[in-house]
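Below sits a lone chain in structure tokens, taken as the form predicted on its own.
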Amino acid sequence: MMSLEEISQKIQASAKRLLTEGKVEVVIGYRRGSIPMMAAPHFARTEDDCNQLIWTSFARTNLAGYLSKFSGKVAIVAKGCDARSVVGQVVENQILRENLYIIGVGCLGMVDTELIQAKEPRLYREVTEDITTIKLFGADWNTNIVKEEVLRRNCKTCLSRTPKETADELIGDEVQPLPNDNWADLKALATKSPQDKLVYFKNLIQGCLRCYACRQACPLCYCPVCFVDETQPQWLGKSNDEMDTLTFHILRAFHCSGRCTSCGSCEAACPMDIKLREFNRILEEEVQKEWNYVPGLSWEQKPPLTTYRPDDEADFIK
């Protein structure tokens, strides 16, 4: 299997080629962050910029959200969930396909730094990694952590780890989904009564600050004015009232239903560590079951809940 260093070098070479040939004006990718176990978004416009591009297991940010900031031709480094978000933006007419070049990378999953810190709470000075292992170095110690044991929750149930259907260029090896039941943890919730479900979701969002970091991180939240900021009419209050907060999360989940690619950006951005994907995943399962639709795998097919068809089955509204 190709090493992380080899993947990084190929991304750099591809970016330089695209810029030199004038096919794109900027390449959106990742660079090393200012602290260990962090990768930051990077916008390469020159050869020196390209030399900073990397591939790492800490590249959790979904870069698709940056695409609408550029008007010219853009290349983007994308793992499976990111590429599906990119496709969604094209399908919803937020960006033009002809202005886009996708450098797809087979993804073994991004790691959860909080799980790493839980396994090894000592102060570390340096972090290195290879395909399967993360190595932490302290002042007089070092330890290895197996990546599979600290994967982010969304990476364990990812349906498309390699964007082979949509990438213009594919770097690295094709990665198959993990052999998991993607909806196993939702089955118990599905058997609960409506009242118990309400209690469950109220408890889930305990601690929500209404900071809207989840909204800002989501590549699907590109409305010019969000419903929470509307004043005519005003949909909900600005305080941390329990029902206003629950209404925000439920309405946002319905807005994303049939569109969410389960990239986990919302959870990664949440300062209170709320498992926000629980809202989206329930609807994701329903959309897949009712319409056999997985968002972001087709350049032509629109999300079912944004499409009117006279012959649509009506059972889902009963």
Partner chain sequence: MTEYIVKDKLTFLRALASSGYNLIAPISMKNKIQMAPTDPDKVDLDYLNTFLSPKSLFFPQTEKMMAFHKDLTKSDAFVYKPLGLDQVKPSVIFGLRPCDAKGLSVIDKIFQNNRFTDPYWNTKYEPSVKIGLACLNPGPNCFCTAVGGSPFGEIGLDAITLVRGNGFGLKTLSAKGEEFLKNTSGLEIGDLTGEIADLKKKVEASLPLPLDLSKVQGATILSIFNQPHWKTTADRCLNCGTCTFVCPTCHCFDIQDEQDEEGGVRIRNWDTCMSWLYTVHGTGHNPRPTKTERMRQRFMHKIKYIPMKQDGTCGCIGCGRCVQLCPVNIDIREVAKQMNQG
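Residue numbers count along the first chain shown, from 1. Values in this document were obtained by computation on a predicted structure and should not be read as measured data.
Heads up, the form predicted together with its partner chain isn't pictured, but that's what we're talking about next.
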| said: Looking at 88-96, 71-79, 162-170, 198-206, which stretch has residues with any non-hydrogen atom within 4.5 Å of its partner chain in the predicted complex? | reply: 198-206
| said: Is residue 291 near its partner chain? Define near as a heavy atom within 4.5 Å, in the predicted complex. | reply: no
| message | residue 61 versus its partner chain, in the predicted complex: is there a non-hydrogen atom within 4.5 Å? | response | yes
| Wondering, does residue 177 line up within 4.5 Å of its partner chain in the predicted complex on heavy atoms? | no
| task | Answer with yes or no whether residue 133 is in contact with its partner chain in the predicted complex, where contact means some heavy atom within 4.5 Å. | result | no
| said: Using a 4.5 Å heavy atom cut-off, which residue among 240, 191, 144, 128 comes into contact with its partner chain in the predicted complex? | reply: 240
| Taking 106, 222 and 277 as the candidate spot, are all three within 4.5 angstroms of its partner chain in the predicted complex by heavy atoms? | no
